[in-house]
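What follows is one chain in structure tokens, specifically the form predicted on its own.
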Amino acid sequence: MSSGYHGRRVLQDISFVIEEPAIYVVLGPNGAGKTTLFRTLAGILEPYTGSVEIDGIGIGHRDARARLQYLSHIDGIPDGLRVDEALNFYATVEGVGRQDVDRVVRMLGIEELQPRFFSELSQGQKKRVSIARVFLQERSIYLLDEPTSNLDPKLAREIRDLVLGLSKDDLVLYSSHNLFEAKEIGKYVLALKGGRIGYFGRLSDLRPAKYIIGIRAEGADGALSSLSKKGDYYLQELSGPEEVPNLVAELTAKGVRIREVKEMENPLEDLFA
């Protein structure tokens, strides 16, 4: 499949099949084609070549489009509407009732925003309202383009937990610039580079070029004095995670009081190289 704008191809030779309900993280640097991919999958852009199908039904068919919901990275709610008016309007379009509006309002904690005009909201508040619109009706496929951008850490965590709950039964494509968020939430990775697929597979199959852990500890000056530090963490390179328990046991036997051990390298970083 190829796709783009005004005759200019942004995506080329894109081909993949998704079957398992899970979170598929879509990664890539700016300009790699992430948003173009989402718009094409949602049926907003018609491919120049190839097709997008859901269970054998082309995305142009209303039965296929009715199975998915798309959250754009650009807020799609008119500035001239109050939040409550906007959600009621979209509920009517989706064919759901007032009870569903009340449900998403509670779910996103936006009760206090309902009487306000959308144009008056902060970027984070606008994102919360946009996410509420997406979840007015349950779908089997969700395309979420940077759903946690401009959100404070607490709400970002709540959105990730919500998406993780969905992925037990539904298929979620989730784009993010936050590599540690992507690693936390994703089961599969679809990485775009130069408009083509650079990697598509399980996140667990990726390994960083180096496996480096950070050790935050007390009484470590002697045992770890030869190691370099990054902030409060002593850096130790290992061959893999299977060596961590033995290292912890060895340091503990030397009187080191370990407070935290964490991976310092993210295998997703290699996809941007």
Partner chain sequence: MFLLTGTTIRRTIVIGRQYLGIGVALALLLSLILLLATGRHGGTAFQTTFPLELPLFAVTGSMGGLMTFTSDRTKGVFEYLIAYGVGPRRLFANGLVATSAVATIILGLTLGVGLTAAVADRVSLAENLFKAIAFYTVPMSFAGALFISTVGMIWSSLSTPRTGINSPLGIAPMVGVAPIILVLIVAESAPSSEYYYITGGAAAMIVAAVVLLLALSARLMGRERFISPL
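No experiment lies behind these values; they were computed from the predicted model shown. Numbering follows the first chain given and starts at 1.
There is another form of the same protein, the form predicted together with the partner chain; it is not shown, and what comes next is about it.
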Practice item. Tell me, yes or no, whether Arg139 is in contact with the partner chain in the model of the complex, where a contact means a heavy atom of each within 4.5 Å. Key: yes
Review point. Phe89: heavy atom within 4.5 Å of the partner chain in the model of the complex?
Key: yes
**Study point:** Ile213 within 4.5 Å of the partner chain in the model of the complex, heavy atoms
**Key:** no
Point to revise | Contact of Tyr70 with the partner chain in the model of the complex (heavy atom, 4.5 Å) | key: yes
Review point. For the chain shown here without its partner, which stretch in 81 to 89, 195 to 203, 149 to 157, 163 to 171 has non-hydrogen atoms within 4.5 angstroms of the partner chain in the model of the complex?
Key: 81 to 89
Study note, to complete from the structure: Note: exactly one of Ala223, Ala217, Ala42, Ile54 sits with a heavy atom within 4.5 Å of the partner chain in the model of the complex, namely Ala42
**Study point:** Contact assignment for the partner chain in the model of the complex, among Ile77, Leu121, Ile110, Ile185, heavy atom within 4.5 Å
**Key:** Ile77
Review point. Going by heavy atoms, what in 46 to 68 lies within 4.5 angstroms of the partner chain in the model of the complex?
Key: Glu46, Tyr48, Arg65
